[in-house]
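Take a look at this one chain, the form predicted alone, written out in C-alpha cells.
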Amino acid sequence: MNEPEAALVAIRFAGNLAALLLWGASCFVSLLVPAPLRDRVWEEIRIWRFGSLLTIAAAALLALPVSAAIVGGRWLDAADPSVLAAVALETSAGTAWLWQAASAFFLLVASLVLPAKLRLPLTALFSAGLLLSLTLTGHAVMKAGAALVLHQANDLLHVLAGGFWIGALVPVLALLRHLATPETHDGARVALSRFSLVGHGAVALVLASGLVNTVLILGGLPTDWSIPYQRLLSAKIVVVVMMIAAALFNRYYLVPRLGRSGSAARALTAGTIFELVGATVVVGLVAWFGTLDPLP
C-alpha cells in the first residue's frame, strides 16, 4: 500500500465512523427518546456531533484529491484539474464522492443553519444519505444487473443497522447519567428500554446482512487466511462477536441490577464504552480490507 492509498484508508475510516455515529445517534434520539428529554440529550452530545460534522466535512474535501493521486500515481495529481475531473466524472469512486459531498453539504446546512426543530430529523436523513454513498463503490459495484442491486441494497441495510447500533451508544452514555436524577430517571429508563428492544433487531440485521455480504463476495466464509482480505474480515467477525457478547452481558446481567447496585451503572457505562471501542476497530478494519482483493 503506497502513501496515497494509506491516506485514503485513513480518510474513509474517519469519515465513515463519523457518519455512522451521527446517523445512529440522531436516529435514536429522534425516534426513541421521550420528548421531554430529547432536546436535552441532543444538546449534551453536542461535542460528539460537531466533531463528527467536522470530520465528515474534512473527509469530503480530502477524498477526491487523494483518489486523484492514486489514479495518477503521484501526489502532484491531487491538484491536477484534469485528473480530478476524470476521477469525479468517470469512476465509481467519483460517483460515490459526488454523493458524499452533496450529502455532507446538506448535513452541515441541516445541523447548523436550519431551525432547531428541523435539525434532528434532517440530521438523521442526510446522515443516512451519506451512508448510501458507501454502497456506490467497492466490491458491490463489480457486479451487474440484479446482483448489483441486491448487493448494494444489502450493503445499505448493513451500514444502517450497524450505524444505528453503534451511534446510539453515544446518547446511551448520556442517558445512563440521567438515571441518577429523579426528574429525568423515568424518561431515561423508557429510552433505554426502547433501545434494548430495537437494538436486538439492529444486531440481528447486522449479522444477517453481514453473512449475506460475505457470501456475495467470497461465495462462503473467510477460511483462506493466506489472503489478507479474508484475514482482516475474520478479525472483524471476531470483534463483532465480542461486541455482541458485551451487549448481551450489559442487557441481561447489568440492566436488571441498575436499581439495586451502584456499581451496575458504572459497569454498564464501561461496557458501553467497550462496544464503542470495538465499533471503532471494526470500521477501521473495513476501511482497510475494502481496498484489497477478496480472492486469489
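Residue indices: 1-based, along the sequence shown. Note that the structure is predicted; figures quoted are calculated from it, not measured.
Although it is not shown, the form predicted together with a small molecule is what the next lines describe.
If contact means a heavy atom within 4.5 Å, which one of 84-92, 113-121, 203-211, 185-193 is the stretch that engages the small molecule in the predicted complex? So the stretch in question is 203-211.
Should Leu20 be counted as a contact of the small molecule in the predicted complex, where contact means heavy atoms within 4.5 Å?
Yes - in the predicted complex, heavy atoms of Leu20 and the small molecule come within 4.5 Å of each other.
**Prompt:** So, in the predicted complex, is Gly290 in contact with the small molecule at a 4.5 angstroms heavy atom limit?
**Reply:** Contact check for Gly290: yes, within 4.5 Å of the small molecule in the predicted complex.
- Query: Applying a 4.5 Å heavy atom distance criterion, does Ile166 contact the small molecule in the predicted complex?
  - Reply: Yes, Ile166 is a contact residue.
Considering non-hydrogen atoms and a 4.5 Å limit, does the small molecule approach Val159 in the predicted complex? Residue-level check for Val159: yes, a contact with the small molecule.
- Query: Any chance Leu134, Tyr229 and Lys236 all have a heavy atom within 4.5 Å of the small molecule in the predicted complex?
  - Reply: Looking in the predicted complex, the three residues Leu134, Tyr229 and Lys236 all sit within 4.5 Å of the small molecule (heavy atoms).
Quiz item: Among Ile45, Val240, Ala247, Ala264, which has any heavy atom within 4.5 Å of the small molecule in the predicted complex?
Solution: Flagged contact: Val240.
Partner-contacting position among Ile217, Ala78, Leu173, Ala101 - heavy atom within 4.5 Å of the small molecule in the predicted complex:
Selected option: Ile217.
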